[in-house]
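What follows is one chain in structure tokens, specifically the form predicted alone.
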Amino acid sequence: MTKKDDIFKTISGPFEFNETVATVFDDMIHRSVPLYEEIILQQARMTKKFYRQGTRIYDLGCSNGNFTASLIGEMNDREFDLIAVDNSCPMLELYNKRIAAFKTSGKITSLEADIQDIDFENPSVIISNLTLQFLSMEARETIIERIYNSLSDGDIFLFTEKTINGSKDLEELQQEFYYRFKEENGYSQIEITRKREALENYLIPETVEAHIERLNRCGFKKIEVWLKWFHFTAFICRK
């Protein structure tokens, strides 16, 4: 049974993906990210479509395995090779325990590592969900350039990020509706405020335009925003 996220009812301070967060992650992500299940489902379906036999899938910032679980369901008995990467030991412990319970023809390897240290070996699909936003701007540029260079023509990079709007009015509208979403999912004003303060200077969102400009600089020209809900944007980039 998923444990309820009430972390910021009683504590404040910098955010980190520690054991406390790991144990409530599913509740936190579903109550904090609109259309999260739809994002994961469609990413798994796109991965099935574009995965080339004999190549690898990389999930950068795999957390507790939601994408992997969805992918196993989509692939059925089809063989695949997945490398799941996260730098949080508590998250990977939950990932390994969860994925071990699935029957699959896929080869699944979990790595406790910084995604910046990964060498992408023969990938055809690379996924990153709500992960790049925790890197410096320079690191984001570097890793996307490496992702582009590692892919072959026709391969894809799927990622989701929290985004902001360059218009002050529209940014305020996004914020208003996002906080309303969180309130409707049971978070109090004090919890919302404390989490926002905990993530300040740690999670740095950008505009959709800034993401697309970076993707273009790194080589991607075929880019689609396939889902957007105010603050949250899911991209598909094809080489």
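All values reported here derive from a predicted model rather than from experimental measurement. Numbering starts at 1 and follows the sequence shown.
What comes next is about the form predicted together with a small molecule, which does not appear here.
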(request) Could you spot which one of 75, 84, 94, 130 gets a heavy atom to within 4.5 Å of the small molecule in the predicted bound form? (result) 130
(request) Please run the contact check for residue 150 against the small molecule in the predicted bound form: heavy atoms, 4.5 angstroms, yes or no? (result) no
(message) If we define contact as a non-hydrogen atom of the residue within 4.5 angstroms of the partner, is residue 134 a contact of the small molecule in the predicted bound form?
(response) yes
(request) Please check if residue 164 has a heavy atom lying within 4.5 Å of any heavy atom of the small molecule in the predicted bound form. (result) no
(message) Even though the partner isn't displayed, in the predicted bound form is residue 116 close enough to the small molecule, meaning a heavy atom within 4.5 Å?
(response) yes
(request) Within 4.5 Å of the small molecule in the predicted bound form, counting heavy atoms only, one of 55-63, 186-194, 204-212, 167-175 shows up; tell me which. (result) 55-63
(request) Kindly indicate whether 17, 40 and 88 are, all three, within 4.5 angstroms of the small molecule in the predicted bound form, using heavy atoms. (result) yes
